[in-house]
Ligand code: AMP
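Quick setup: one chain, the form predicted on its own, written in structure tokens, and binding and motion questions come after.
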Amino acid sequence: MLVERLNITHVSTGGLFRQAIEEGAPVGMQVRDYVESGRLVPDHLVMQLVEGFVAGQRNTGICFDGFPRTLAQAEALDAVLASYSARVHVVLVLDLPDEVALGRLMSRGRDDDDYATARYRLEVYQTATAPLIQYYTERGLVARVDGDADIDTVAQRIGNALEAIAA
């Protein structure tokens, strides 16, 4: 919904990983074990895929989904975007109770979304990714949205948050 509303391109690093694996790309073979176990893919491999994606997206905004996940990735993203005279404009943080997040992770229907993997992903988020909120907050880029509702309500909340930032 956000991509359509803003006429931007959506990219999920998980999608980039799965595509690289399906294509049999060398980087895909390197990330396979990480993806299947739910562990964070090393920053240098993530950035290799993200840099390649960004290079092909001239003249369009990008909605990154699930990225960056570490401070090193955030800093590397800043550098990549700066090389194209671009920058991060907003970071949406969807606040959600752990139980709801676990349920949503496990309901996606992917082979790697069992309870243990979902629980591990949530723990990784809390230790490695949540600190990024401070990084982006210090830059005035964070918009927090209550994500514990149906998709239409959350979409409306996101729209309201983006309008507030643009004002």
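Each residue number is its position in the shown sequence, starting from 1. Treat the numbers as computed from the prediction; the structure is a model and nothing was measured.
Below, we turn to the form predicted in complex with ligand AMP, even though it does not appear here.
Listed residues F64, Y34, Y135, Y125 were compared with ligand AMP in the model of the complex; Y34 is the one with a heavy atom within 4.5 Å. A heavy atom within 4.5 Å of ligand AMP in the model of the complex is found for one listed residue only; from R119, R39, R104, R139, this is R39. When ligand AMP is considered in the model of the complex, G159 lies well away from it, no heavy atom lying within 4.5 Å. Contact between R144 and ligand AMP in the model of the complex is not found at the 4.5 Å heavy atom cutoff. At the 4.5 Å threshold, heavy atoms of D112 reach ligand AMP in the model of the complex.
Residues placing heavy atoms within 4.5 Å of ligand AMP in the model of the complex fall in a single listed stretch, namely 65-73, out of 22-30, 51-59, 96-104, 65-73.
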